[in-house]
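Take a look at this one chain, the form predicted on its own, written out in structure tokens.
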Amino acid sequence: MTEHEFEQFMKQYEKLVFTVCYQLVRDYHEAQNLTQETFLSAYQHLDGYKGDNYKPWLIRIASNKAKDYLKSAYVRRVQYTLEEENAPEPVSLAPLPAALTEAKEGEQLAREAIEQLGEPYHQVCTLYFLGERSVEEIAKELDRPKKTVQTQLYRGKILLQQRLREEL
């Protein structure tokens, strides 16, 4: 391919290559740089390309260039620094007294609703919600199949939801 033919080639595909790069990096100037790198790489490897449709080949080169850019340590470091500078002041995560009171009241309601459940849901829900045990642990402890415990827990949750809605 002559220099003039390659210029025509670049003019034909430059918008496509730029769009691919911009869609991936979301930075106008970096997309321009990556577009130039894409055409430089295409020019260097033009002899090795065996095909007549350059469009998918160029898109692959452009997307690989953009992905390499995004993976680079420089980009991660710069993005981290910028995010750190623009980060809001940390907010205290300590709960407010009113929120603590509401949480305790909600916990008490849940305990009472669990206590009112009939068997086998009472035992399974007590172990799951109050004992904070996994389904596997409950199945071993109660000597029941895991699927049985899952079903009983599911049905117990439905009953609890109904009771808690009635209470509220």
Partner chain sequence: MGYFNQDGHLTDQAFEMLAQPPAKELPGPQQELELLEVSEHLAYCDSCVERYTSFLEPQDLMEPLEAVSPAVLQELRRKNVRVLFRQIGSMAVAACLALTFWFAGAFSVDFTVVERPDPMQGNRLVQILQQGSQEFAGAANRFASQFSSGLQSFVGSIDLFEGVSF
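Heads up, when I say rigid core I mean the largest set of C-alphas that superpose within 1.5 Å between the two forms. Everything numeric in this text was worked out from a predicted model, so none of it was measured. Positions refer to the first chain, counted from 1.
If you look for the form predicted in complex with its partner chain, you will not find it shown, but the lines that follow are about it.
The partner is absent here; in the predicted bound form, the one residue of Glu119, Asp52, Asp47, Glu132 having a heavy atom within 4.5 Å of its partner chain is Glu119. Taking the partner from elsewhere, Lys157 is found to have every heavy atom lying beyond 4.5 Å of its partner chain in the predicted bound form.
In the predicted bound form, its partner chain lies farther than 4.5 Å from every heavy atom of Ala110. The shortest heavy atom separation between Ser63 and its partner chain in the predicted bound form is within 4.5 Å. Using a 4.5 angstroms threshold between heavy atoms, Gln123 counts as touching its partner chain in the predicted bound form. Shown without its partner, the chain has Met10, Lys11, Glu14, Lys15, Leu16, Phe18, Thr19, Val20, Tyr22, Gln23, Leu24, Val25, Arg26, Asp27, Tyr28, His29, Gln32, Thr35, Gln36, Phe39, Leu40, Tyr43, Gln44 in segment 8 to 46 as residues with a non-hydrogen atom within 4.5 angstroms of its partner chain in the predicted bound form. With the core held fixed, the Cα of Val149 is displaced between this form and the one not shown by 2 Å or more. Shown in the overlay between this form and the one not shown, fitted on the rigid core, is a CA shift at Trp57 smaller than 2 Å. Comparing the forms between this form and the one not shown, the C-alpha position of Lys140 differs by 2 angstroms or more, with the core used for superposition.
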